[in-house]
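Given next, in structure tokens, is a single chain: the form predicted alone.
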Amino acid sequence: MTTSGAADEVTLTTRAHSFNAAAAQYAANRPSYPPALFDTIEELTGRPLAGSRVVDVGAGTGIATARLHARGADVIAVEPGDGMAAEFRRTLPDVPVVRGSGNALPLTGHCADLITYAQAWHWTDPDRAVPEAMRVLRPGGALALWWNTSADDVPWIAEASARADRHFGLDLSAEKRDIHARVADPTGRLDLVRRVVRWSRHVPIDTHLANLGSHSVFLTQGAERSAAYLAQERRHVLEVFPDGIVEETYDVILLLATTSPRPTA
């Protein structure tokens, strides 16, 4: 991943590794993905997920992998982290997971119909990850990148984002926009199509707060500082949802590119 210097690289590395110690919290509280996302992937690729060979890279605890598997895909997961891979194996014992990253996929060439990155592409170096995806994809295969992003046009979510920025002295909204900017293909080999799928889930406030706490910015800010924010946030959120059931609204940002089919003789 391109950064502004060594200090940024250390920060990114620390944040990327922070999930391993919180894998169970991540698996239990992070949102999944709506059926409409996978319908859109099938529409854009022109083929059903059922029966497709899918490589889910940066699979984490298997949240996206489980949805792909449920759609009938033949999935193999790739995950670099010890803690996340262990949680994956506990949750999805029948789905293979191999250790590795998108920068150097531990797979043979032209073996996949679809490569997916759910909440994970921004941890890669696109200069390395794009050629690796092209190597592993079959002719006519596709690369799909997506992120659940909080819908900041919802007033209470925008207010919560502003509070987090003030508490941590960060601009998390700008960082979120930057994540999507980084997917620009430096090799010029991809023609990415963008789609947005809005959805929401209703969860108890404890789940909502545990979801927040599973993000890398919280995991790397120190337990005391994060706990102080989450205690304050509980009070704010209960003002909006006094029954303690929170409606989290998300926009799934999907970027998908299809490789060229092998030319006929």
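Everything quoted here is computed from the prediction, not taken from an experiment. In case it trips you up, residue 1 is the first one in the sequence shown, and so on.
There is another form of the same protein, the form predicted in complex with a small molecule; it is not shown, and what comes next is about it.
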Worksheet item: Can any non-hydrogen atom of Met84 be found within 4.5 angstroms of the small molecule in the predicted bound form?
Response: yes
Worksheet item: Does Ile76 make contact with the small molecule in the predicted bound form, using a 4.5 Å heavy atom cut-off?
Response: no
Worksheet item: Phe218: heavy atom within 4.5 Å of the small molecule in the predicted bound form?
Response: no
Discussion item. Is it the case that Phe38, even though its partner is missing from this view, gets within 4.5 Å of the small molecule in the predicted bound form, heavy atoms only?
Written reply: no
Item to complete: Name the residue from Arg47, Arg201, Arg30, Arg53 that puts a heavy atom within 4.5 Å of the small molecule in the predicted bound form.
Response: Arg30
Item to complete: Please pick, from Val136, Ala142, Ala118, Val97, the one residue with any non-hydrogen atom lying within 4.5 angstroms of the small molecule in the predicted bound form.
Response: Ala118
Response to the item:
In contact with the small molecule in the predicted bound form (heavy atoms, 4.5 Å), from 220-228, 236-244, 56-64, 201-209, is stretch 56-64
